[in-house]
Each structure stands twice: as structure tokens, then as C-alpha cells.
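Next up: a single chain in C-alpha cells, the form predicted alone.
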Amino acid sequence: MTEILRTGASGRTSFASLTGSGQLVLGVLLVALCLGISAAAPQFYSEANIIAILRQCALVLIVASGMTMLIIAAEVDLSVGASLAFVGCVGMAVLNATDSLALGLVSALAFAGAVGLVNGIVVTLLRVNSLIGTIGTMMMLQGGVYLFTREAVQNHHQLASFTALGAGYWGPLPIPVIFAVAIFALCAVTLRFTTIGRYLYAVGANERAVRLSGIRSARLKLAAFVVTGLCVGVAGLILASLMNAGQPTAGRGFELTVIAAVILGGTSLTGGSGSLFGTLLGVLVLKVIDNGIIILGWNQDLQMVVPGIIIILASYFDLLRSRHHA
């Protein structure tokens, strides 16, 4: 067991030496983007625009924090976008039926956690590849949300406490940003300072060795899927609050943005290495690019093109890192 813990720790150490420069490049790129966009559009630094960027970053970072842990364990969840939309519709439907914010929150989180649990069971017990398994879940959720809503947007009257969840402030900070910071910090502490975090790195680096040591890797992966699902639940509720509606199409393309941010941040698709700080930089870069596209008046379809390009480039650089490490 001690050897496995050392494997996880050494994996993080070697990865840090390989990706430190990568994170520096991301930081420089982020600064360059901010300077370039603000030079072309001075309103980029307006208070309203900065808050809008922070809200957009918060939604992605919440899910990307869980996704980083999952990819470190050498798995992936492509159903997060479809689940995000379904979560908002479930929460809004319960809120409409009961006028209880607590019941709406609990039901939405329970649904999101159940989706994560099902994904985990499919991967760990049925031994289905997570890429294929979660594509299947994604398709079921995309069809299921239309059956659930009967293709109608789930609107709700203005309930102050629910509206505050997405649009409110705590002091100068938007509430979604506070949720994102709390979840990011919790995941970061788990990965960095706990045995569970070291096991996740070890599972991703060498699952066979982990199993031989007596550690139940399936349980770790199952937990990572559930955590990712719960993160989707929080983000889905915040998004529904911002729109004051549950929309069946709300999460379209969201999974691409999340995965692009995680890979761009240096987390290896093969597992065993990664950094939540890198994920944070990846989220900031992507959302600043998105905001720049809007504020500069470019075609907004580019917001879907950019994550696709980034996934390809980041995957290529991940391959180069793996070869260098070997």
C-alpha cells in the first residue's frame, strides 16, 4: 500500500515538472488575451462584463473540478451536458409542484448523483468503456428530458431565494462564484492532501498495481463518477436559476467545454496526472475567449469551434508529454 501511495505521489511530482511550463504558458496566454481583447474593446474591463465572465467560469469550473478527479482516475463522463439540462428541468418541476426551494434542490441533486452512480456502475461493474458508456447515458438523457418536459420549457414564478442562487450576491461576489470556489477548494484539498486523492492518482497511473495491493479501485472510480454527477447537479441548479427556467437544450455542448478546459489545463487523458490549478487556468482561458468573441462582435458559432480545436491540440500535447515521460 505504501508503494502505491508513493506511485501516486511520484506521478504528481514528475507531472508537475512536465506541466509547470505548460501552466506558465497558459497564464501568459490568459494575460495576452485579456490585454488584446481590452485593447480592441475597452468595455471588456467593465464591471458588468467581468461579473458575466465570472458567472460563466463558475458554471464550468464546478463541473470541471469533478471531471478533473475523474480523468485523473483514467475515466471520463460525456453525459454532463445532457445531465445539466435534465437537472434544471427536474429541479424546476419540483419547485413548481411544491413551491419549496429545499425540495427542488434535494430532488435535483439526487437526480444528478443518481446519474453519476449509474455511470459508475456501468463502467466499474459492467466493465463498459467510460467513453462508450457515458455516450449511451448522454443519449438517454437527451431523449428522456424531452419525454419528461413534453418538449416544453419549465418556467417558474419569481421565487426570490431561487433567483438569488444564480443571480444573487454575497457581498461583492456573485453567489455562483462562491459555490465554484468552495467546490474547487474541496476537490483540491482532496486531491492534494488526502489518501483518497493519492489513490486516485495511483489508480489512473497503474490500476493493476492498485488492485494487487488490495485497494478497491472500482469503489474509487464509482465515487469519482458520483462526485462529478453532484457537481453537475449544483451547476444545473445555478443555470436554471439564472434563466429562471428548465430548458431541455440548456447543456448542449457543455461537456465539450468542460473536457477541453480539463485537458487544456494539463490533465492527462490516460490518467494518473493532473492539476486542478491547471483546470482553473483552462476554464479562464476558454471563457475569456468566449467573451472576446461576443464582445468583438464575431460569429458566436466560433464558441463551439474553439473547444473542438483545443481538445485536438491539447490531446496532441498530452501525447507528447506521455512520450517524454516514457
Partner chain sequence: MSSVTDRALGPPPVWRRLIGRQETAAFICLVALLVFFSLTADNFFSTRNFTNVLGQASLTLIAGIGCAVVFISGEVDISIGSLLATVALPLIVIMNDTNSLLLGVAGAMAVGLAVGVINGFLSAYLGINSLIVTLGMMFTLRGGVYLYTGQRAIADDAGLDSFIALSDGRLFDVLPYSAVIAIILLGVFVYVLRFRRFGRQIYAVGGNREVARLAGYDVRRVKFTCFVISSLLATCSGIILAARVGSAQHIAGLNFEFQVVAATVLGGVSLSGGIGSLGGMTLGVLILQFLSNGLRGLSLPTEWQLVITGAIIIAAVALDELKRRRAHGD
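Positions refer to the first chain, counted from 1. Everything quoted here is computed from the prediction, not taken from an experiment.
There is another form of this protein, the form predicted together with its partner chain, and it is not shown here; the text below is about that form.
### Task
Please state whether every one of the three residues V128, G133 and N299 places a non-hydrogen atom within 4.5 angstroms of its partner chain in the model of the complex.
Each of the three qualifies.
### Listed range touching its partner chain, judged in the model of the complex by heavy atoms within 4.5 Å, from 91-99, 109-117, 136-144, 163-171
It is 136-144 that comes within 4.5 Å of the partner.
### Interface residue in the model of the complex among L269, I289, L29, A41, criterion: non-hydrogen atom within 4.5 angstroms of its partner chain
Of the candidates L269, I289, L29, A41, L269 is the one lying within 4.5 Å of its partner chain in the model of the complex.
### Message
Given that its partner chain is not shown alongside this chain, does L230 nevertheless sit within 4.5 Å of it in the model of the complex, heavy atom to heavy atom?
### Response
L230: no contact with its partner chain in the model of the complex.
### 4.5 angstroms heavy atom contact with its partner chain in the model of the complex for V226
Flag for V226 set to no.
### Message
With a cut-off of 4.5 Å between heavy atoms, is M304 one of the residues that contacts its partner chain in the model of the complex?
### Response
Flag for M304 set to yes.
### Query
Though only this chain appears here, would L256 touch its partner chain in the model of the complex if you measure heavy atom gaps against 4.5 Å?
Because a heavy atom of L256 falls inside 4.5 Å of its partner chain in the model of the complex, the answer is yes.
### Task
Would you mind checking 73-88 for residues with a heavy atom within 4.5 Å of its partner chain in the model of the complex?
Read in sequence order, the lone residue that approaches its partner chain (within 4.5 Å, in the model of the complex) is L78.
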